[in-house]
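The chain below stands alone and is given as C-alpha cells, in the form predicted alone.
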C-alpha cells in the first residue's frame, strides 16, 4: 500500500500528430500505485490506467459519480457533468440506490430484444443517409453528412419526435456536439431550446401517447416529467456524438484494413481500439479507498482512463494493433458496473448496419485526405473526428 502522495505528473494532453491513446498511458501503467496529475483547471486528480484498477474504480461503492460532491473533476471545455439541480434526470451523475430507479426503468428500452425490433428502422435510416450522401456528388464530409445524422435520426424516432420536427432536433444536437465550430454561448442556447422542446414533447405525449420510448416511460410512472426531460436529453447527447465518433473513426480504420470490411467482429474491436469516451467516467472518492496499492483520500477526484484500460497489455494481447480476430468483448469502452452504458446494444447495431450498408453501397469510398493530417478531436472530452473528407 502506498500512503505517500507521488509527485504530480503533467496531464496527458492529446497533441496533433501524436497517436491516441497518448503514449504516456503505457508509462503510467508501469508505475506503482496511481498517477497524481493536475487538470488544466488547476485541480489535482488521480489518473487510473490499468485495466483491473479501472474496473475497481467503476464498481467500488465508496467512489461516487455525483458531480455535486466536493473534489469531483472536470476536464471539459464546457461546464462539466450537470448536477441534479441543473438538469433533473441526468442519471449518470446519480449514485445508487437512487440511480437504480432510472436504470430499471430504462433497461427494457435498450435490451437485445428491443434493439432487434429497432433494426429495420436503423436500416431504413442508414439507407436514407447513404442516399443523401450520394446525392451530394462524388465527395463530402462524412461526419456532418452521414455520421452525425444517423444516430440523431435513430434516437429521435425511438423517442417519438414527430417527423416535421426532426430538422430542428438534429440542428440543435449538431450545435451541441460540434465544439470546433460553435461557441459555448451557442451551445448553451441549444441546450435550453432542446430542454424546452423536450418538455413540450412530453406534455404532448401525456395527452396523446404513442408507440415510443417517451410514452412508455410516462406510462410506467417511475420517473417524473421533469426527470424524464433530463433523461431524454442525456440519451440524445450520449447516443449522438459517441456513435458518430465511432462511425467516422471506424470508416478510416476499416478503409486502412479492408480485409475486415463485412466482418461484424470489427465493431467491438473498433470500440476497444478507439475508446472514444476515454475521459468520460469521472469519479470522486467519498471515503478513503485503496486502488492499485495507492490510498485515495475522501474528496479526491479520480479519472479512470478508458483508453488506458483498453490498451493494457495484461488484458489484451498486442493492444495497439487493430485485430478483430481477438476476443475483445471484455473491453470497457462502455464503462463497467452500475453505470455501464445502457445504449451499448443500440450502438453496436448502428455500427454494424452502417458499415455493412456504407461499404456495400459505396464500394469506391476512400478518404480524400492524408489520414495523419485529419482534424482529430484533440480538444474534447470525447475522441473522434471533426471532419472526414471522403470521395467515391
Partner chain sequence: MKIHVDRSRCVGAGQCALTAPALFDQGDDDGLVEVLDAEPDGTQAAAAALAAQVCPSGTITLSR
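Predicted model only: the values in this text are computed from it and were never measured. Positions refer to the first chain, counted from 1.
Not pictured, yet referred to below: the form predicted in complex with its partner chain.
K.L.:
Which residue, 36, 361, 69, 348, has a heavy atom that falls within 4.5 Å of its partner chain in the model of the complex?
P.N.:
Partner contact (heavy atom, 4.5 Å) among the options: 348.
K.L.:
Within 4.5 Å of its partner chain in the model of the complex, heavy atoms considered, which of 293, 258, 108, 299?
P.N.:
Looking at 293, 258, 108, 299 one by one, just 108 meets the 4.5 Å heavy-atom criterion.
K.L.:
Looking at the partner-bound form in the model of the complex, is residue 324 within 4.5 Å of its partner chain by any heavy atom?
P.N.:
Output for residue 324 is no: heavy atoms all beyond 4.5 Å of its partner chain.
K.L.:
Can you tell me if residue 103 lies within 4.5 angstroms of its partner chain in the model of the complex, counting non-hydrogen atoms only?
P.N.:
Residue 103: yes, in contact with its partner chain in the model of the complex.
K.L.:
Give a yes or no for residue 62: in the model of the complex, does one of its heavy atoms lie within 4.5 Å of a heavy atom belonging to its partner chain?
P.N.:
Close contact is absent here: in the model of the complex, residue 62 is far from its partner chain, nothing within 4.5 Å, heavy atoms only.
K.L.:
Check whether residue 340 has any heavy atom within 4.5 Å of a heavy atom of its partner chain in the model of the complex, and answer yes or no.
P.N.:
Residue-level check for residue 340: yes, a contact with its partner chain.
K.L.:
Okay, which stretch from 38-46, 362-370, 22-30, 53-61 lines its partner chain in the model of the complex, with non-hydrogen atoms inside 4.5 Å?
P.N.:
Heavy atoms within 4.5 Å of its partner chain in the model of the complex occur in 53-61.
K.L.:
Even though its partner chain is not shown here, does it sit in the model of the complex so that 112, 330 and 344 each have a heavy atom within 4.5 Å?
P.N.:
Yes, each of 112, 330 and 344 comes within 4.5 Å of its partner chain in the model of the complex.
K.L.:
Which residues in 197-222 have a heavy atom within 4.5 Å of its partner chain in the model of the complex?
P.N.:
None of them.
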